[in-house]
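Heads up, the chain shows up twice below as structure tokens, two forms, tagged structure 1 and structure 2.
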Structure 1
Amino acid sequence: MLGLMQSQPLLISNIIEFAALYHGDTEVVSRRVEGDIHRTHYADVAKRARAVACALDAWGLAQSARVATLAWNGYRHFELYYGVSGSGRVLHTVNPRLHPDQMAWIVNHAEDEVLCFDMTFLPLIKAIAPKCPTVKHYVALCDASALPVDHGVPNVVAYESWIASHQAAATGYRWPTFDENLASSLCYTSGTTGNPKGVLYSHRSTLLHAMASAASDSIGVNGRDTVLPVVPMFHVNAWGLPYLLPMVGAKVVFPGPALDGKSIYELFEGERVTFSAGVPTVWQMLLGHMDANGLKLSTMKRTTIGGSACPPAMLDAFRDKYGVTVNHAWGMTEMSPLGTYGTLKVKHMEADWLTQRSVLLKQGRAVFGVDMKIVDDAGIELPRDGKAYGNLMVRGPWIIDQYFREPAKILDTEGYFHTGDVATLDPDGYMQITDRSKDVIKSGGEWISSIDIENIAMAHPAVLMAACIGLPHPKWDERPVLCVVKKPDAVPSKEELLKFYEGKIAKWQVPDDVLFVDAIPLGATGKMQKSKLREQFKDYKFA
């Protein structure tokens, strides 16, 4: 017997229309590429998104045609999120931090027909346009007056002129209704090895992900929050925040291209931000700016850190100096991306800080909808005792089934996806990443977590950044070596840093050497690229 309930498709257009109707006057603030602060609200975002849909209709774009964006976090990009997907096309966010050749490859693989770009990226567009034959139209996200006469881009139109000519039609526009399983957006992995892979999200998966994110034991923002998404909209759809925030009616503050500590701090204080989300490298710049200038945070309450593990010293600094709660989140492009969120359980609330801290330093518990397990290399499930570590496997309604245009099977017999992470699961369900499978250090038959070694190093007052890599050893297969970027004016010695590990980990896990470097290479999403460090030091010889 089937239930007797209405069957309404879960469509992305529903979100922005809900926001326009029930939170229409809630602000959407953007620091623009032009340098000024722009203010609008959800009602106007919905109106302009409908104009985008009409403009795409006028170009005759078919359902599921791909529309690419090369843009920062801002209101125009936000409007495209809804105008493109809401009209039945596929929004393809392109990461501008990739190499131009890789960008062109992605645009061609996706067969994008339209490419919308911020003026910051005009030189990039000029470089890749000749290599992108499928792109029929280019849209510069600016006023017509800001588009140079000698722009050098074929078939380009200024965004404001483009949608202005369709405002009248947008007034009576009705979003189309279609199967909720229709593709809505496309993101590519960062492609650290080989070509990037496409992950194609659906309307259904996107809405379910947003609703799961809204839960109070998850990201849990609401209409009384002011949220600044530091995580870029070109990185896994800004972790789903462009869908979550209008769904709950939160005020949005888009930072644009300026992600330095000073710029972020000014927006935090000026707009009275209560919640933000981003990777550790951005928070490092913010903390450095506040420390150097004796600044405090007046309204900020919580931040979510993902992309890489939050160093314990960073969690402590946010809590002890600035009164900000840090929650870990973990996921990946193939998961839309949210898989776990780190909040305390009732039994932890009366515990001392060190106990709570040990829980918060884990990557959190699975949000409802995500199933998780850890297995050994033979695929045998391992116990959830917080000690056994194995390959992390996931499944759920917003997790990939197969890569775009790659028919190869990627799931196990039970429908689980291999994340490439090595992790533990404890009896309360908390997951802790011990390493990426490609970065774990195998020494004398034992595994050493590079993350544990890095976290200890980051607590040293002279260390700005640290990365631990395994290098070939004639006796032990591999041994850990610590690469360190010193803080300005700091002069730590190798001996001092190695002594810092005493009593914190087993002696055999202590790095064999410390190598001081000018910088740690970062990938397109802000993660450390240890593969490049291993290549840099491939000829290293242990003493």
Structure 2
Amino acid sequence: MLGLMQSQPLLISNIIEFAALYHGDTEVVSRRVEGDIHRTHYADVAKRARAVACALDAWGLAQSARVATLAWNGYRHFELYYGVSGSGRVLHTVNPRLHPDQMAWIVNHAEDEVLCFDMTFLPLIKAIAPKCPTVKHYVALCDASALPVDHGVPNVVAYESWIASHQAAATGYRWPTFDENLASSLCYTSGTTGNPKGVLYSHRSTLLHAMASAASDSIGVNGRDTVLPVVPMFHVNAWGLPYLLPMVGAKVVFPGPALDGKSIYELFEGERVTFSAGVPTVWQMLLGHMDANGLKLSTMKRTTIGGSACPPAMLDAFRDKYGVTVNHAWGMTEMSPLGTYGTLKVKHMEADWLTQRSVLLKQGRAVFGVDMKIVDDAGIELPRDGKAYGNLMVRGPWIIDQYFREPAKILDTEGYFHTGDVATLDPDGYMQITDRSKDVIKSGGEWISSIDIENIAMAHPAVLMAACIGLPHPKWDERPVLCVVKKPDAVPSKEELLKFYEGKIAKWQVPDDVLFVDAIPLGATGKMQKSKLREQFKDYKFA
């Protein structure tokens, strides 16, 4: 017997209409690419998102057509989140930090038909447009007056004129209703080996993820919070905050391209921000700025740190110097991203700070909806004793089933996804990452493929063998270092090897150093044992 309750599809358009109706005058503040501070509110965001939907209809874009964005965190990007997905198309957020060739590869793989870009990226768009034949329309996220006459981009319109011409049609616009399993957004991850892989979210997965994030032992913001999402909207939908914040009616402050400590601090204080979320590198810059200038935080209460492990000193500095609670979170693009969130239990409340601290420094407990287990290399489940460590596997309604256009099965027989992280699980459910089995390095929240770095090194005539490892870095969490075995009689210099990367990969992906070694440790199957190299250079200090 089935239940007799209504079966309303969970659609992204419902979120913005809810916010417009119940939190219509709640502010959405943005530091724009233009440099100024812009103010709007949820009612206007909804109105302009409807105009985006009408404008896409007028171009005859089919359901599920991909609309790409190359944009910072700001109100126009926010409107696209709703206008594109709400109207049944797929919002494809492209990471502007990638190498232009990789960006073009992604746009082609996704078959994007529209590409919307912030003016910061005009030179980049000019460079990749000839390589992106599927893109029929470009939208410059600005006023017509800000688009230079010699822009050099084919079929481009200025966003403001584009939506203004559809504003009348948007009055009385009704969002379409469709299956909640329809694709809503697409985000490519470089956190795996090989080409970037597309994670295709659905309306259902997005709404369930936002609802789970709203729980008070999770991100848990509410209608009295002012939230500054530092985490970019081009990286896992800014951890889902653009959906969560209108759902709970929080005031939003978008930082635009300025993520340095001074700019973030100004917005925190100026807009009375109470909550924020981002990777450790950004917080490092903020803490450095406040420390150097003797500043305090007057409204900030809580921040979520994830994307890389939260350094203990960061948790201490926020708590002891600034009175800010840090919650550690873990997740990945393939998980929308939230998997675990770090909060205490009743049993910890009477414990001393050092005990509480050791709990909070773990990556947190599974959010309801996420199943986790750790397994050995044969797939056998390991005990949840806080000591055994193994491959971390996850399952749940906002976790990937298959990569976009990659038919290969990626789940185990019980439907779990292999995260590529190595972790312990303790009897209270707290997970702690101890290592990473995937061959990638995470620097400032962005991925670097060690295999790509090694392949380039191996093409150098003086290199016999190369292994790229990530070593802990005080600012970027991790930076790549290349270990090289020279060919007999070859005398390559570090500078010569590093120069060899020029033009082949993005500058920030080039290793920081080259370490010449006699041999690279190999395992029984001939695979390089990078954990041994990491151990060998664990005391390495970056210059």
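Structure 1 provides the reference sequence; residues are numbered from 1 along it. As the structure is a prediction and not an experimental result, all values here were calculated from the model.
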Of structures 1 and 2, the form predicted on its own: 1
Relative rotation of the two rigid parts between structure 1 and structure 2, taken as the smaller one's turn in degrees: 150
